[in-house]
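This document starts with one chain, in the form predicted alone, laid out as structure tokens.
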Amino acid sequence: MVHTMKSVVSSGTGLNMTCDDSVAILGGPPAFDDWLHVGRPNMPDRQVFMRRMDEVWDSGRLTNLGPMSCEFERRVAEISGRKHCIATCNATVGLELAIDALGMRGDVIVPSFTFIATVHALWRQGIRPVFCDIDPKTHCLDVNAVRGAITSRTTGILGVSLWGNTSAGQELFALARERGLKLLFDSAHAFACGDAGIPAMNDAEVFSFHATKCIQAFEGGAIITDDDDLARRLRLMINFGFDGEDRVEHLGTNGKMSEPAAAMGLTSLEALDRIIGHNRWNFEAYIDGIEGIPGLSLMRYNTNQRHNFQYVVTELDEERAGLTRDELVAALRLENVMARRYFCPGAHRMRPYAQLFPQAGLSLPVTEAVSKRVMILPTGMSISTADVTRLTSRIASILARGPQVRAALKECRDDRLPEFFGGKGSF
């Protein structure tokens, strides 16, 4: 890491913030020699994983619902407090299968402020996504907005437990039951989040075990539910509809998790407490580092519930900060920091939905505003609390020099700048 002198700069709020004297966009050395990424894989114990891979190798069984995937399902169900877990090759396939198995048709209400796969999963099943606005505090579906979006064509709600927030589940569940709707959650961010032991407030939810997630299985997903009949249908559907050696009872696909993926997933699960503990240390360091930086706020989590602290979610107020979110993200690229703009733009502004529903943004004012402010910062096992302290100090320094940074960015032609800022995104 590069070490620089530090100074104290007035934040304009009556507080003092410590910041680095040098900023890369203004000619100083970058804050980090190596890239800091959002979503860099958390790598579990290599020797334990290799021992499991030796078992897979010796068994000669690489897929088709082998012992590793069955054990992975058992452990995920246990941690989640649900009766059934159906492991899948990835979360997107899991969403598509769950949507189909639940019998969702016609219109389904979904947030636009989510990863595009959530909405694609509906459209690929022939379902019309009805974009709904979000709560500005949690970034999850606004229950009142959902209530107003329900029509005679609505068959379900696809909620998103964004950043691991599960707070809207109970209200959405009550609304879904009142109106006879299916309720599915894209919980890609929310493994090991929420209140343990409380009855499920949905028909099913889908986790992601992609390499970027808190717990990873290279690629992988899982559907969890307490519904015995739904679980049985899903088990048929992930294996082409087979029920027995030659008997097909249901339309299906190849959605199974492989044995090597399950081996990685099991090894990752053994490190769950250590990963979450590390994420929480980083999060607390971010709280300390961001306090007093004008215009930059950090989303806090309900510490009375379980949380994986997988995402460090900030919002930047351009008027108070002196730079836009995009300008700060671009300046951080020259510090070798891959801060991200999740989710910008909202899904309603991406193809094919922008062409299909050109007026959708008119009913999504919170989504439109939040998508211009949110910035995700790096965390995970590859990031130390010292890295967090250095990063937040550098952010303070960049914002303290807003006019100079803005002018320098206009002239900068560095390939490391993100594509949305005229660069190649090279790193």
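For every residue, the number given is its place in the sequence shown, counted from 1. Keep in mind the model is a prediction, meaning the values are calculated, not measured.
As for the form predicted in complex with a small molecule, it is not shown, yet the points below apply to it.
> Given the small molecule in the model of the complex, answer whether the residues Ile99, Gln170 and Ile224 all have a heavy atom inside 4.5 Å of it.
Spot residues vs the small molecule: no contact at all.
> Please pick out the stretch from 125 to 133, 210 to 218, 289 to 297, 349 to 357 that is in contact with the small molecule in the model of the complex, where contact means heavy atoms within 4.5 Å.
This holds for exactly one stretch, 210 to 218.
> Please pick, from Thr154, Asn308, Asn90, Asn239, the one residue with any non-hydrogen atom lying within 4.5 angstroms of the small molecule in the model of the complex.
Exactly one listed residue reaches within 4.5 Å, namely Asn90.
> Within 4.5 Å, heavy atoms only, which of Leu272, Leu323, Ala231, Ala117 is in contact with the small molecule in the model of the complex?
For this set of options, the contacting one is Ala117.
> Does any heavy atom of Asp186 come within 4.5 Å of a heavy atom of the small molecule in the model of the complex?
Contact with the small molecule, yes.
> Answer for Val108 alone: is it within 4.5 Å of the small molecule in the model of the complex, judged on heavy atom distances?
Taking the distances in the model of the complex, the answer for Val108 is no, it never comes within 4.5 Å of the small molecule.
> Mark Met338 yes when one of its heavy atoms lies within 4.5 Å of a heavy atom of the small molecule in the model of the complex, and no otherwise.
Close contact exists here: in the model of the complex, Met338 approaches the small molecule to within 4.5 Å, heavy atoms only.
> Are any of the heavy atoms in Phe343 no more than 4.5 Å from a heavy atom of the small molecule in the model of the complex?
Yes, Phe343 lies within 4.5 Å of the small molecule in the model of the complex.
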